[in-house]
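So this first bit is one chain, no partners, the form predicted alone, shown in C-alpha cells.
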C-alpha cells in the first residue's frame, strides 16, 4: 500500500439470499483524490459503501482506513473513524432550521450560538454559502445539499462518500458543488463519488473503479475514456445508440388550460395558471429544480388531484374531475417520482403492484374478480422486456434495488400502451445502460403514436428526449421552446426563473 492511501478494500465479499452482492472486491482510494465508483444497478456499489459506512457487515475480506483495520459496527463508529456520507435522499426536517437539522446529526452538539458560528465559518471556508437560521423548507435542492455536506464537514472526515450528488441540481449548482469537492481534495480529503452521469465523472474525477456483478472489472483514469467507453466497461459490451427516427407529430391528445391548484403538502408549491398542449408522437420535456410544482403537476394530470372542469382535456373529453382509474382506463397514465411508496407499495409483490395500476387498462379485474394468472403473466413480460433484475414476479417491491424498481415502474406503464404517458424522473438513480433502455422505450412509445410528457431534473435527458421544452418555476410553466434551439446554459437559467416565467398559453 502506498503512503498516500486513505482507504483500502481487500477481497470484500457480501452475500444475500440468492445474490452475491460483492465478490472478492479490492480497490484503493488515495489521499486528495476524487474517486468514482461506477457500475450498473445491482453491480454492488450500494452494498460496498454501506459496508464502509457501517450499515452492513462484510462476510469476507478486510477494509483499512489510514492503514488501520476498518470494521465499523454502525455509522457512528464509521464517523468516529473519519468516514462521512452524503446520501442521495436528503435526511432533513423541513420545519427545522439549518442549525437545528445539523444539531440532530451530532453526537454532542455545542450550544446553538456556537454551532451557528461554526456552520457560518465552515460554509465560508469551503464556498458553501448558507444561513444557519434559515428554515430548511425555504431552501433550494442545492442549498439542502450544502446542509448535508456541512454536517459531514463538521465531523472533519478523511473520506467523504457522495451518492448521486447532482441528481437534483441545476448546472450552476452542480458546478459550485464540483468546485467545493475539488477544494476538499486539494486540502487532502478523499472523496468516493457515485454517479450515473458519465460526462461529469470524466470532467471531475481523478480515477474510477468499475464494478460489474459485484466484482471489480476495471480501474482507469476516466478522463482518458469517452462516456461510451466507460459505459461499455460497466455493461460488458457496446452501448446501444438511442434511435430518435420515425416520429412525427399528429393530432392533439392533451390540453391543459389555465390550471391552478393548491400545493400537495404544506411545503409544496401551488400551480399557477399552467397551460400546455401535447400531440400524438411528441415528447414534451418539463424541467425544474425539485420543489417547483412537479409533484402537483403530475398529481393533476394523473387524477390524484381533481381540477376544474375543462382545465384538462384528453382526446376532446374533459378529464379534470375524473379519478386515476378512470383516466387510466381511457389511456392517460402516469408514473410518479417516488417509486417506493407512491409508484409501488413496498411490501406488495411485483405482481400485486402491477395489478394496482394495470388492472383497468389490461382487464385484470372483471366483475370484482382478479385475474391472478393474467397479472402474473403481465408482470413477467415487464420483467423480461425491461431487464428487471429480480428473482421473480412474487418478489416484494422493497427487495429490488432502486434502479431495478425504477425499470419495473416505467415498464409497467409503457407496456399498457397508453395514449398519453406522464413520467416524473424516469431514469433517476438508473445506470447508463438501463437509462438508455428506458429512454428508448419512451421514444418507441412516441413513435407508435402516443404523447409523452417527461418531467425531469436531468438536463441531458431532456435534451436527448424532448421535442419541445418548458421550465417549471414556482408553480408557473414557461412558454415552450424547441429543444434543439436551446443550450444547456439557457435551460439552466430557465430552471432558475431567469427567463421571465410569465404565465404561458401554449
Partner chain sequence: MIDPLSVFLLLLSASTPIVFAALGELVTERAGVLNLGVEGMMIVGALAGFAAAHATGSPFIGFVVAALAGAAVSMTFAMLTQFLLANQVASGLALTLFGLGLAALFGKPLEGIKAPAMVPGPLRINWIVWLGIAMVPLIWWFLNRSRAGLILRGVGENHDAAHALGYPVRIVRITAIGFGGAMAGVGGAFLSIAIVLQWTEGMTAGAGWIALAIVVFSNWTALGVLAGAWLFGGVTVLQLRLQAAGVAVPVQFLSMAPYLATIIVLVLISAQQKYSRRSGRAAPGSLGQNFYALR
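This one's a predicted model, so the numbers in the text were calculated from it and none came from an experiment. Positions refer to the first chain, counted from 1.
Same protein, other form: the form predicted in complex with its partner chain, not shown, and the subject of what follows.
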Is residue 55 part of the interface with its partner chain in the predicted complex - any heavy atom within 4.5 Å? yes
Exercise: residue 96 in contact with its partner chain in the predicted complex, heavy atom 4.5 Å: yes
Please tell me whether any heavy atom belonging to residue 100 falls inside 4.5 Å of a heavy atom of its partner chain, as the geometry stands in the predicted complex. yes
Residue 112 within 4.5 Å of its partner chain in the predicted complex, heavy atoms: yes
Which residue, 82, 268, 359, 331, has a heavy atom that falls within 4.5 Å of its partner chain in the predicted complex? 268
Considering its partner chain in the predicted complex, which of 75, 306, 402, 171 comes within 4.5 Å of it through any heavy atom? 75
Partner absent here, but in the predicted complex, which of 359-367, 310-318, 134-142, 379-387 has residues with a heavy atom within 4.5 Å of its partner chain? 134-142
For the stretch 103-117, which residues lie within 4.5 Å of its partner chain in the predicted complex by non-hydrogen atom distance? 103, 104, 105, 106, 107, 109, 112
